[in-house]
Ligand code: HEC
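Listed next as structure tokens is one chain, alone, in the form predicted on its own.
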Amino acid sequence: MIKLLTLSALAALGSASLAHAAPNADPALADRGAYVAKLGDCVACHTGPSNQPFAGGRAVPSPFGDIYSSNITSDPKFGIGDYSLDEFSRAVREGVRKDGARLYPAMPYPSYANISDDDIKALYSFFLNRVAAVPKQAPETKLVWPFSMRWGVGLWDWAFGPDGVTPNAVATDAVARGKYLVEGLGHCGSCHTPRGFAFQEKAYHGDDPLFLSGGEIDHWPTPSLRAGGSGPGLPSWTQEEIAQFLATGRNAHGAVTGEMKLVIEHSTALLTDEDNLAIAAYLKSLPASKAPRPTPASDATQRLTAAKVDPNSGERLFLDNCSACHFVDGKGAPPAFPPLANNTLVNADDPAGMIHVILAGSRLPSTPYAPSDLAMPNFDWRLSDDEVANLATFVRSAWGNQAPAVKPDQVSKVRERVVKENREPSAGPIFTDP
């Protein structure tokens, strides 16, 4: 379809009434803005190694190089303290800075284009009146040519940006409210929608079957969030179980890993029960992207409890390293120890996420509803590439799981990333985040 208006023009029409607004210190508006910032998970990306909230400096990996998040504190020189409301709205919803330079779409402004005027005003009030100024320049993003030419992002916006905006922030219907949060502030598609040749999201709205059908973020496979109907993954979760996962990072089906831990910790765990249920209601309204598959009979439990198990087999490796927590039936003891049977991460087409957890371990986030930060230890010091491959292959084919076998070279590639993340190989078991 030929676009009659560019995204910039659409957003400009929507924000014309904001042009002459000034900072508003109304406490209620700033309070609302603090909640909107949680909905948008702003602090996760805009807090770098210095741990100064919103001061920027976090490196966001991309195929073209690291993109560093900007300082969005109220500092007038290095942050956004001298932005007008209109300039703030243009940066958030169009990806254009005060000086006219384009932001790279690592900033999810294609999704934020959906944010309503009222939520933009509240967010602006929060940042200018509640966020302390940090007079510090965030690291400069230096991508390789031609991606270093920011003006080219405008062409990218025209070619690949969403066709329109449909804000409905105050919807009383749960599905409509969930749609607003998922497609807009939650920017769930940034990680869970597949990307095209120009690294663009292939869809921005739920009526496209590619939207939220699964993707990849920093070498982690991300599952499909389309939870309607029946099938593997989220379709087998109830609306309440999805909301529980968002609030706590765990439920009867699994536990959070990877980048999603930051989303849980800084965003969804801090939302109202109503909003988490609305998100879940919207996800359950989206038809599943994968057809249901028959669950084959499995003799994994019988093999694990047999008198003799081959010492070099995946079964033996599971018994020696995993069975104490996940049990021989693969059901675990949720929410403390997640089940491995029908586990979304275990059954992912790409085993990189599962391999990462085996090698580096994982720790659950501490949330208001689930304060215990239980951890799985790392096994990179204990298991070779061949052993991890055998173990993962067994788990991915046991208790009804149906995922491809894992090869040692796949483990080797993930191990290289784990070593890079930890700077040096592990000498023994540790309980730190991967």
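Residue numbers run from 1 along the displayed sequence. Since we're looking at a predicted model, the values are computed, not measured.
This next part talks about the form predicted in complex with the named molecule, which is not shown.
- Interface residue among 389, 30, 67, 398, judged by heavy atoms within 4.5 Å of the named molecule in the predicted complex: 67.
- Taking 284, 121, 192, 179 one by one, only a single residue has any non-hydrogen atom within 4.5 Å of the named molecule in the predicted complex, and it is 192.
- Using a 4.5 angstroms threshold between heavy atoms, residue 263 counts as touching the named molecule in the predicted complex.
- With a 4.5 Å cutoff on heavy atoms, residue 325 counts as touching the named molecule in the predicted complex.
- Although the partner is absent from this view, residue 132 stays clear of the named molecule in the predicted complex, with no non-hydrogen atom inside 4.5 angstroms.
- By the criterion of a heavy atom within 4.5 Å, residue 48 is excluded from the residues contacting the named molecule in the predicted complex.
- For the three marked residues, 211, 278 and 288, no heavy atom of any sits within 4.5 Å of the named molecule in the predicted complex.
- Looking at 177-200, the residues that come within 4.5 Å of the named molecule in the predicted complex, counting any heavy atom, are 185, 186, 187, 188, 190, 191, 192.
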